[in-house]
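One chain comes next, on its own, written out as structure tokens in the form predicted alone.
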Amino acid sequence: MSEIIHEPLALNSSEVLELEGESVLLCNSGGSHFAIRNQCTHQNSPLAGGRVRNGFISCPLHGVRFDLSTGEPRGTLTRVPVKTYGVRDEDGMIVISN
């Protein structure tokens, strides 16, 4: 199993990281951290730059919202969830694993 160790992010922000060749978006929504593949399942565009609020990220291209904890989409543009990754707090650092 591969892991990334990263410092906590500012509230309602995100940062693109790489884990085993995959683009992963680490997000802080409401003080909780989540990690999700950086790829919208609607048109395969990056989720980076999308609005992070209330446990969701909105795709910056068409506004599709994804639940950060499950990857499930909201709305009608796609029914395909986005892959999520394990996230835990360890000694004040954020650990992301696949």
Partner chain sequence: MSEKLSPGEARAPGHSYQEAIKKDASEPPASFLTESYEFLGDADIPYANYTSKDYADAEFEKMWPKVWQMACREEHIAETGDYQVYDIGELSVIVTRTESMQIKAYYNACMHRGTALKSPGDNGFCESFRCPFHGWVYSLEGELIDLPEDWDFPHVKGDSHNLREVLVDTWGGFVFVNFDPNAEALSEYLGVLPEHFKDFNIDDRYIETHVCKRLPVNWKAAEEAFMEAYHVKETHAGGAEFSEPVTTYDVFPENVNRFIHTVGSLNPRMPKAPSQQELMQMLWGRRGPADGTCPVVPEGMTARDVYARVVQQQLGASYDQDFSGYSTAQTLDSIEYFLFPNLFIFPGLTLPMVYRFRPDKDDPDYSYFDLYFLRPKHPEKQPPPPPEPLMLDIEDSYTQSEGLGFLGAVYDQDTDNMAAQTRGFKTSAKSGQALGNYQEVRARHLQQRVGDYLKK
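Quantities reported herein were computed from a predicted structural model and do not represent experimental measurements. Numbering follows the first chain given and starts at 1.
Here the subject shifts to the form predicted together with the partner chain, a form of this protein not shown in this document.
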Self-check item: Triple contact flag 6, 13 and 31 to the partner chain in the model of the complex, non-hydrogen atom at 4.5 angstroms
Solution: no
Self-check item: the partner chain contact at residue 43 in the model of the complex, heavy atom, 4.5 Å
Solution: yes
Quiz item: Is there a heavy atom of residue 48 lying 4.5 Å or less from a heavy atom of the partner chain in the model of the complex?
Solution: no
Self-check item: Interface membership of residue 75, the partner chain in the model of the complex, 4.5 Å heavy atom rule
Solution: yes
Quiz prompt | Exercise: residue 54 in contact with the partner chain in the model of the complex, heavy atom 4.5 Å | solution = yes
Quiz item: In sequence order, which positions of 52 to 66 have a non-hydrogen atom within 4.5 Å of the partner chain in the model of the complex?
Solution: 53, 54, 56, 58, 61, 62, 63, 65
